[in-house]
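What follows is a single chain, given as structure tokens, in the form predicted on its own.
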């Protein structure tokens, strides 16, 4: 602690000795961490969308008009394991829903003399039990046809899993790249100051005293890159969040403050950890080489 000022001053001197290379290392680290934040943000939004769709997963069961008591069918479907909720959608509601979907083109429905839509049961289910629920509802007497949106749900879930895998790959790539950049910078700084290091060793300076300015420099550059990436991603989210919500209104965006806070904590934590690890790795490899 008594040598804190010396360590900071020495780190600044080492930075100035190879200023251009260190500046590029800082900018490269900031851009890499910014790309990581983008992937994490998209991953967070897609995961939220998948969870919402899983909760809203539903199938439509069409029944025979002459089936008799629809209330009995409603109760039977509601008792099936895997069914969360079931309700009857009458013909008028089915027509109203289609009018909302068609929008300005809904006038085409006026060409029909009678309501062309049929009443059906809207069944919300647990997605992991879709096959069982589908089979049991189809087997009920009075059910003519069961429609499910399994393909769309499976595709969305597949995209979410692909983004999750991509997120892990990007995290691994960013970690390795940052470690290589920082360790290379540390080794280069040690090589350029080898005469001074040798003098300190002859004077009896311990390894920790010699190495700490390099570790501090690596930490400051990487953490500074994390701060710059945090400012960039927060600015992007602040400027584009409202635009994205109005352009694609059906995407369930997480609260802006929550997303910005989570990404900020993540980036600063990752940059601090990578800065320390990269610096230690650079010092250790330089020591082995010497």
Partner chain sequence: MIQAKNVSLTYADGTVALRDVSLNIRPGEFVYIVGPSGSGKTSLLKLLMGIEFPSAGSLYVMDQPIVKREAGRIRKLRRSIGPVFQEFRLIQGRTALENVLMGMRFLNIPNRQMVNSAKEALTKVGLGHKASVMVEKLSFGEAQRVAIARAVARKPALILADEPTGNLDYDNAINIMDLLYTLKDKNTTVLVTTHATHLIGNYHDTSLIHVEQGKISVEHRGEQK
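Positions refer to the first chain, counted from 1. No experiment lies behind these values; they were computed from the predicted model shown.
Another form, the form predicted in complex with its partner chain, is not on view; read the next lines as being about it.
Participant: Among 200, 102, 166, 140, which has any heavy atom within 4.5 Å of its partner chain in the predicted bound form?
Facilitator: When its partner chain is considered in the predicted bound form, the option within 4.5 Å is 200.
Participant: Answer with one of 207, 85, 71, 114: the residue that has a non-hydrogen atom within 4.5 Å of its partner chain in the predicted bound form.
Facilitator: When its partner chain is considered in the predicted bound form, the option within 4.5 Å is 207.
Participant: Using a 4.5 Å heavy atom cut-off, are 6, 10 and 196 all in contact with its partner chain in the predicted bound form?
Facilitator: Yes, all three are in contact.
Participant: Considering its partner chain in the predicted bound form, find the one stretch among 168 to 176, 128 to 136, 183 to 191, 207 to 215 with heavy atoms no farther than 4.5 Å from it.
Facilitator: Of the stretches listed, the one contacting the partner is 207 to 215.
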